[in-house]
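Next up: a single chain in structure tokens, the form predicted alone.
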Amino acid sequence: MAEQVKTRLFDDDRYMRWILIGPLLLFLVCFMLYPTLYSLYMSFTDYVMRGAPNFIGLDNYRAVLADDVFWAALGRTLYVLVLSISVELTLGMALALVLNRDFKGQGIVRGLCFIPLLVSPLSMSLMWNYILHIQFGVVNTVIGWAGFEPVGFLSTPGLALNTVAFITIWQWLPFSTFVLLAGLKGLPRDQYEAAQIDGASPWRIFFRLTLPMLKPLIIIIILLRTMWLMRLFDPLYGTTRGGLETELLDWMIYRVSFVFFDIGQGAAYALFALYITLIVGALMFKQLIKAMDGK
């Protein structure tokens, strides 16, 4: 009897699909849905890691909307996001076009280009903190040999934020490059041959053929990098730690929640970041569906 029930479960598609996706659903409920709902609950309380949380309604959200520090951190986050994605897409496309050509030693060059992605983000930020140090960093040593004054890459307000953006661009540029390279490898050759026979210039072929066909991949890169950059944390931990006007949204959430232990306020900040990410993600996903449908 037991054997018949077992056979029926595994032979019936209705049961089999739930057996296969059950572990994934359980994982998502435990590690995604429950923490999100718990954060939502905490955002309506004044919990400060002491005593029981008290329900205070929308007070934390009103405080967030009236907080100039929050809007400044959000503005800096959007600045780093736009700057990083723009540079990564532009340089990534240029590098992908170069790597798409056949040349001697291309395997070694591709391997070297991939190295930044293999370095842990925290180790990478500590490494750049040492390389760019104003007193004993390698870069400032070279600048001193050239007869110029040392540059405070990570100790000058304004410049420090751009240096943080440079560090994250340096690490994630290979991601854009290799995604676009994979797209270039899969483009149909017959359309290029037809365009060349018609006498189209290389720029015209690039803007009229290559870019439109790579549009879905470009949108995927923007979508993923937007989600990751909204949570940018490691480059700050190893360098400025949010000082010198470099505090981004994720660092502010960390500071409020785990330095000041204001869990309720920190949860409200985190949910605002989640809402913004969901809105941007939904817009980009809609564009991705349109691009994949050829509209």
Partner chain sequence: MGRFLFWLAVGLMVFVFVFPVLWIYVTALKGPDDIFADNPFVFAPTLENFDYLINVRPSYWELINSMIMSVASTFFVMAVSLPAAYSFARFNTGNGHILFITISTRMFPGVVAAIPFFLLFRDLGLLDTHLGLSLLYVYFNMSFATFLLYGFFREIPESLEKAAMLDGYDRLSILRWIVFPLIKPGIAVTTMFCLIWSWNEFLFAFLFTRRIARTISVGQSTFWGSVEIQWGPMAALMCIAVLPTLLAAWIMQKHVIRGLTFGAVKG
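Superpose the two forms; the largest set of C-alphas matching within 1.5 Å is the rigid core. All values derive from a computational prediction rather than experimental measurement. Numbering follows the first chain given and starts at 1.
The form predicted in complex with the partner chain exists for this protein as well; it is not shown, and the discussion that follows is about that form.
The candidate spot formed by Leu28, Met42 and Phe175 is fully in contact with the partner chain in the model of the complex: every one of the three has a heavy atom within 4.5 Å. Contact with the partner chain in the model of the complex, judged by any heavy atom within 4.5 Å, is made by just one of Leu83, Leu74, Met213, Leu161: Met213. Among residues of the shown chain, Arg62 is not one whose heavy atoms approach the partner chain to within 4.5 Å in the model of the complex. In the model of the complex, the partner chain sits beyond 4.5 Å of every heavy atom of Ile197.
Within this chain, Arg110 lines the site of the partner chain in the model of the complex, having a heavy atom no more than 4.5 Å away. Among heavy atoms of Thr246, none comes within 4.5 Å of the partner chain in the model of the complex. For the stretch 91 to 114, the set of residues having any non-hydrogen atom within 4.5 angstroms of the partner chain in the model of the complex comprises Leu95, Val98, Leu99, Arg101, Phe103, Lys104, Gly107, Val109, Arg110, Gly111, Leu112, Cys113, Phe114, in sequence order. Comparing the forms between this form and the one not shown on their rigid core, the Cα displacement of Ile19 reaches 2 Å or more.
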